[in-house]
Structures are given as structure tokens and as C-alpha cells.
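Below you will find one chain, with nothing else, as C-alpha cells; this is the form predicted alone, and questions on how it binds or moves follow later.
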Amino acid sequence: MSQHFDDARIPALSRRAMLRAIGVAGLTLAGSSVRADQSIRLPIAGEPRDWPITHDFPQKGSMILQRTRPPLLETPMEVFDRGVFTPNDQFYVRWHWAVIPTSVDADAFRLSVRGHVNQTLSLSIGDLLRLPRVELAAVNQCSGNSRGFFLPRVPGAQWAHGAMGNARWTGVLLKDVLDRAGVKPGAVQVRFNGLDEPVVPDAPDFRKSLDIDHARDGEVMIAFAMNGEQLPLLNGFPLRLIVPGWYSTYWVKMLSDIEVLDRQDDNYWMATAYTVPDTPHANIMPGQTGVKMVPISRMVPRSFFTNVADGASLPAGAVATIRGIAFGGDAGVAKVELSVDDGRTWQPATLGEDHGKYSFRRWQVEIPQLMKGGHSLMVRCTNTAGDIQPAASNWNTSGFMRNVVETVQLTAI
């Protein structure tokens, strides 16, 4: 659940700091000006496997460059081994349209609330800061995280596992903002829009909607900070919608407009894009047609190795500590298990601190002495709703919702 707290808990976010005009000079969007003198080999299913490392985006450190315009930046896997919360400067970035503001004046910025409401609102950052603050730890994960492992391959960013991150989000409840406007009877959905714009006039503006009861559930929030600092520009400054337990397509960045609807939203980004087969694990056979499609929504449980990679070597005859992270999707982590015998038997992992049901949870296992030769390690997560990672990979034309049991091949030498 969301938690209220005093302003003193995040001294970097004083009212003066939040109201300061933010200008980020030289936001790099043109591919010709991005330097890539380093590269990383990703263990994805097809070529290219070597991807550039960039340091040239504002407020960002070393990131895997998936695309320059619009920015698609992936978090290197070793970052997740350093802590349960992903640092802001290495938190992944994914935009749909290339027309993104290169600076935002926080003094002039306004969030509009309109539509099927009693009172239209135009809220400043200062107005929002006067509402009760909340904090929530939650994983933000792209729907296509791990798409690069899909076989047959599908179009789209060929992410490895780094299109995700975990943060403490600070802001206000969406419910409090909607209550201030006064939602009229008959409201059906709430639609959200940001400051990014299509590259051509006829392209569909990126807008996403939630059912009215979900929008008012007391967990969906409007964040102005992550990990105790202002949102980076590329992660949505000055405001970002936080929809815990749901894929990041709903986490609208640079949130500027909230519209309460008295009908179902049938815009392109709800009715056509970001839909998945209405089947178990969103799975179909390649080439299969005539399948009912539904909007993607809730995340599913996942677990990852963070201190060993596929193809790594370990000393034979020595005890090894294997570490990783897991999350339960739209529920908490109940248990994480490791197998060293191709899934025939499983041993429980020791879980780290619980930061809430939507957060990453660290895990570790000490494995026994390994004989020389090849070994297959598998990890799986079960969430508190009883959902467990499947043994077989799913497939769909968008490369969405991968959550198969993860495996690494190791060699004991």
C-alpha cells in the first residue's frame, strides 16, 4: 500500500527545488552525435548481439543504446546486482515518439484535469505539493522486456533483460487529484497524455487509459520524484503516472493532461497497439490468426540471475553464492527457487528485505561443490497469488510478456 510520510524524509525535494525551472541543454536525439566507443554483447537470440554503450544522454550514465531517436536506453544487467533500487542515472528509457521537450519550465508547467468532472483543474507543481504525499516502491517494466530472446524473432526493440527498473516513487495519489475535480456519475475511464508529440500530424498521439475504479484505487499515483530525487527528464520530468503492477505502457511520462471519460477509450494506443492474445501466457503459435486480442495490463512474475551470466565459469569443487532479483508482477514474491539439475529438483532461495509487493526482491542461494564440466542453473519465482513462471517460453507477434524460467549455462573448471 502507499505510505504517507513527512517532507523531511526527502530533503532534496523542497518546494523551492521542485519549483526551480529545469533546463537540460543538448538533449541528444540525433544519432550522428551519439558516441559509442564501447560495446556489450547481449545473450539474445539473434544478430546483432553486440550493442553500443552510450554515456551521451543527459542525466544518464552508461546505458545500452537500443535506439537514439526516440531514445531507447537499456540498463546493463550488472546494475541490478548492486542493489534492489535501480539508480536514476541508469534507469532504462523508452519513448514512443521522437518529439520530446528538451527542457521543461517547472514554474510555467500545468497539469490539466478535465472531461466528465464537476470542475476543470489547471494544477501547478506547487498545487500538487500541497496535497498529501505518498511513497511506493514499484517495478517499471517495458511490455517488450526480453523481446530479443523471442524465437522466431519479432520486430521491435531487441531488448535483453534491462528494459526494467525498480524505484521508490514519491508523489500524490491520483484519487486525491480526481476527487478535487469531482468525478461525475457515469465516468468509465480516465485517459492520460504527456508532452511528447507525434513526428507527423496524422500519427496517433500517445494516450493511455485506466478504468475509473482502477484509477481511484488508492495506489495509482502521480510521481514527481524517484529514489528521493527529481525525475530525470528522460524518465518523465516533471510528472509521471505510476501504475503499480502494470506494464510501463500505462506509466505516462511528462504527464500533462488527465481526461475523465464517460465511455471506453478506443484510441489507437488502447484498441490496436499494446494488445496481446487472450490466451494463457499471451501465447500463440507463429502464424496463428483469428485470436482474440485484449489490451496488455498486469505484469507476471519474473526472476533473474545478476552475478552470473550465461557462459560463465566457476571453480570446480568450491561452494558458490548465486544472486539475483525477482518480482511478483501484480503481487508480492512468495518464493524463489533454484535448480542445478535441469529442473528435476528445486531448492529455496533466501529472500532479501521486502520493500512491498510491487518491488524487486533480492535472493541468493549457496550451491554445493560442482564437479568439473557443464551445469545448467534455473531460477523461478512464485508470487503470492500462486502464479509461477512457466517452464516453456511464450510467443506472440509483439514479443510481449516473456516470463519463462530463466536459465544460465555454467562451466566448472
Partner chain sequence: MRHLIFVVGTSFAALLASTPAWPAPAISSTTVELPAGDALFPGGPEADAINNNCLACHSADMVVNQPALPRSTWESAVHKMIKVYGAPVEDSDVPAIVDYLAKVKGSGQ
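Numbering follows the first chain given and starts at 1. Everything quoted here is computed from the prediction, not taken from an experiment.
If you look for the form predicted together with its partner chain, you will not find it shown, but the lines that follow are about it.
At the 4.5 Å threshold, heavy atoms of residue 180 stay clear of its partner chain in the predicted complex, well away from it. Interface residue remark: residue 317 is not counted as part of the site for its partner chain in the predicted complex, having no heavy atom within 4.5 Å.
Using a 4.5 angstroms limit between non-hydrogen atoms, residue 106 touches its partner chain in the predicted complex.
Among heavy atoms of residue 142, none comes within 4.5 Å of its partner chain in the predicted complex.
The three marked residues, 97, 135 and 158, each reach its partner chain in the predicted complex, with a heavy atom inside 4.5 Å.
Interface residue among 43, 356, 61, 368 relative to its partner chain in the predicted complex, by the heavy atom within 4.5 Å criterion: 356. With the partner omitted here, the residue from 333, 225, 243, 325 that has a non-hydrogen atom within 4.5 angstroms of its partner chain in the predicted complex is 225. This chain is displayed without its partner chain, yet in the predicted complex the stretch 214-222 from 295-303, 214-222, 338-346, 258-266 comes within 4.5 Å of it by heavy atoms. Contacts between 193-207 and its partner chain, taken as any heavy atom within 4.5 Å in the predicted complex, involve 199, 200, 203, 204.
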